[in-house]
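In the form predicted on its own, a lone chain appears below as structure tokens.
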């Protein structure tokens, strides 16, 4: 997929493409071949060009591409197969100022358009994850619309097919039968006259309340142009393609609102929807009988929780508190900025919901506490799969942060998703109910035979060094139990011979664990990336059990019991090769296992 960075003269356009310059900012690209893809040259540092796709003289769509000016970073495909047998012209308007048409002709892009029958999506980047879902090319942010049907997990996501920075928001689509191996599918919902396709949700309609057919998949999403409105679509081919509802938009407001989340409320026998009233820091509650006509019931959020940024990507569902028969509702409210360590993050509230009003639980002082789903910097837009089997509540999040997502050191693609996680609720010692988060059990299928297994050993101020696997860039899972006794802090360090390191410190006195990535590798692409994050361990004891998942550019640190999780990106210049363990005094480490992991099919 990657193209040479050598500029070709505009007079040497590739076969199958004809370039016609109309002015200093306007050029026509004529497709004169029956190939499957028009390959478009991109330079990431350039501004967007407006690309009007004209088919048989009619405007078919408009996309925005950072067309190359001085060099080609990579190329992206525009699919020509829907227009086979038709005349296709790109009427392109660039934003660069030019003194003459001759100057405009020298742009690198014009000689690098080409027509091809295939394009290469093989991994060309050292930081592409080995077992986390990521697009094969292009930009990705929020996971959305996730639904389970007939043994298949459908993962839709915000996707730019035409570059590795945010633009052209489309619903990308991947499917899996095991939550590990993902198959990239064609784009599911693309921009239309109402605007780009922002986040939303899907649900099965087994009762045919919508009239689209029993067990159709119904999608509700935000159409975003000058304003944000809510649109409806449905699929009768198991989520592969969607038919856009001709009555769109179905919800309009006079203020910014987005990311509708729908679910069937079996308590009330109707559909509910949560809609993010973004700038008002609240979620709007709607109800419907047919998924087409919605009534506003209430709102929740003003004055509660973190209020530092816009509220986005809600999700609301009922869970059982472990060890009891008590049922509680969990409301996820993602926000950006305003996270505990800067930038974007996922907060949540526990409470009750009667189909009309969400009532949050309060603490001993009568206040609504702020709670976080993840204590790292790289966990956002977390939402769950609808209609998951066996009453599972499985979530996934975008593994990045809006502070620097467009600047991370990748180019062929940008962003991956977290591991799928199963969540339940538990009551902590302070009497509050919190979310319990565990990696989906399916992830264990990635394990190879353990390369290290220690029943028990003691550590002190002298570091104990354990080798990490070298295969597949060191991807692995580490499990260990810490008994700090009266040792004070216990330090875990991942490192390599270049001095790149991640330092994690368990502080039993404060019941916290910290994660320091300030020297983790490449950190200078953003002032907001070097950071120390801290999680509560929800324990007043000196013991802690951990599971670490190390991929090529991320680390997810789970409490074995699921009481906290911390997700952070890392970009080591070479893979980490050692785990070092030490303590202020004498501590005990038991059950240490290191499993190399097989790469997934992504």
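Positions refer to the first chain, counted from 1. All of these numbers come straight from a predicted model, not from anything done at the bench.
This protein has a second form, the form predicted in complex with a small molecule, left out of what is shown; the following refers to that one.
Asker: Which residue among 158, 261, 401, 112 has a heavy atom within 4.5 angstroms of the small molecule in the model of the complex?
Answerer: Among 158, 261, 401, 112, a heavy atom within 4.5 Å of the small molecule in the model of the complex occurs only for 158.
Asker: Going by heavy atom distances of 4.5 angstroms or less, which of 166, 525, 457, 83 would be at the interface with the small molecule in the model of the complex?
Answerer: Contact check passes for 166.
Asker: Name the stretch, out of 263-271, 177-185, 479-487, 139-147, where some heavy atom lies within 4.5 Å of the small molecule in the model of the complex.
Answerer: In the other structure, the partner sits against 139-147.
Asker: With the partner left out here, check for me: in the model of the complex, does some heavy atom of residue 283 sit within 4.5 Å of the small molecule?
Answerer: Result no; residue 283 lies far from the small molecule in the model of the complex.
Asker: Would you please decide whether residue 387 lies within 4.5 angstroms of the small molecule in the model of the complex, comparing each non-hydrogen atom pair?
Answerer: Taking the distances in the model of the complex, the answer for residue 387 is no, it never comes within 4.5 Å of the small molecule.
Asker: With the partner left out here, check for me: in the model of the complex, does some heavy atom of residue 199 sit within 4.5 Å of the small molecule?
Answerer: Although the small molecule is absent here, residue 199 would touch it in the model of the complex, with heavy atoms inside 4.5 Å.
Asker: Give a yes or no for residue 313: in the model of the complex, does one of its heavy atoms lie within 4.5 Å of a heavy atom belonging to the small molecule?
Answerer: Contact check for residue 313: yes, within 4.5 Å of the small molecule in the model of the complex.
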